[in-house]
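Below sits a lone chain in structure tokens, taken as the form predicted alone.
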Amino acid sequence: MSLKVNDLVTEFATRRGVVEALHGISFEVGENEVVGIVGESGSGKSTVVRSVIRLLVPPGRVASGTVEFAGRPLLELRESELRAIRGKDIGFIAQNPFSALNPVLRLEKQFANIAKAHGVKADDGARRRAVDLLAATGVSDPERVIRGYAHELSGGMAQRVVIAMALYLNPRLVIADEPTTALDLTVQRQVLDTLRRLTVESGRSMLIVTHDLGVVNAYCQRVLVMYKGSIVEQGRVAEVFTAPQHPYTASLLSSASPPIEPAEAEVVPSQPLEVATWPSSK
């Protein structure tokens, strides 16, 4: 399953009129590929991914363009059809994990709600899959954690739980919007290593939004460089970072500390994720 975005234009209504936030964005994410979107704050990175999966909050709206996932036009689908794709076929990892977790429900109930929302029977097999995924993301004592609440988690543990939820229905594409912004450097690396292991190494694709060139260099095969709502450069990470063609890309690379040593992320052969499989009944 591939994602194809063509000439995407997003607008925001303000008191002074309509402001165009994205100016004709076009890119693709292929099978078993990790693509990074990089740029400074306000460049439009998060607006891109929220436009793609129609999570923009009014007064934002997609004005024109097309988005296809596995041949389906996401911008033309009814909301009910789109909800069936989000979560099941496209997993989303938000910037702030606590904003994605319900503070008053036990985590096992939240996993069960995800299953039920997509017509999957929330039985013992589904719960076992959730526990296995928590363990796979590095959550210690997952049986205890799944019986608890979000407020009992550290930031790193909460992000691992959100990753497990994003992968719960076995999506083919994972979209991660600044998934480690609130974490310290050591935990960032652990979470990103886990995310790559559970996506690319399991045959999934990933679109990751970040302001960190080091993350792109270490984890992505291709990169989209954004500046003021436009993609000013895109290509293989090693090629873009070695010989940038746009002055903004060159400026980003020259300001990186420590300096970036281009080394395109290794693509690891796909391996099955060792978690319980879904029950066949719905």
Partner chain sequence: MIRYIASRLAIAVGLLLGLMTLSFGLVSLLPGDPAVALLGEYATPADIARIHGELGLDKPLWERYVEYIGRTISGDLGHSFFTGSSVSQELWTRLPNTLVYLVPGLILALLLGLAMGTFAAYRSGRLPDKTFTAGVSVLMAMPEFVLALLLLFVFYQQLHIAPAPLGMLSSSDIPPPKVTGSVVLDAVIAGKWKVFGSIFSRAVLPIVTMGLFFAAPFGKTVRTGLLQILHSPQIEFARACGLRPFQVYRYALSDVRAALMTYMVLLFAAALSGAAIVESVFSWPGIGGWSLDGVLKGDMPVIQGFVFVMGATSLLGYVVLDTLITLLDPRARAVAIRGRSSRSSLDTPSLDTPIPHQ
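Residue numbers count along the first chain shown, from 1. On a predicted model such as this, the values are computed, not experimentally measured, just so you know.
The same protein also has a form predicted in complex with its partner chain, omitted here; what follows describes it.
Taking the partner from elsewhere, every residue among 98, 153 and 165 has a non-hydrogen atom within 4.5 angstroms of its partner chain in the predicted bound form. With the partner omitted here, the stretch from 29-37, 61-69, 46-54, 231-239 that lies within 4.5 Å of its partner chain by heavy atoms in the predicted bound form is 46-54. Its partner chain is not shown here, but in the predicted bound form it comes within 4.5 Å of a heavy atom of residue 102. Though the partner is left out of this view, residue 125 does not reach within 4.5 Å of its partner chain in the predicted bound form, counting heavy atoms only.
Among residues of the shown chain, residue 94 is one whose heavy atoms approach its partner chain to within 4.5 Å in the predicted bound form. Shown alone here, residue 110 lies within 4.5 Å of its partner chain in the predicted bound form, counting heavy atoms only. Only one of 114, 146, 198, 135 lies close to its partner chain in the predicted bound form, with a heavy atom inside 4.5 Å, and it is 114. Contact with its partner chain in the predicted bound form, judged by any heavy atom within 4.5 Å, is made by just one of 209, 90, 191, 206: 90.
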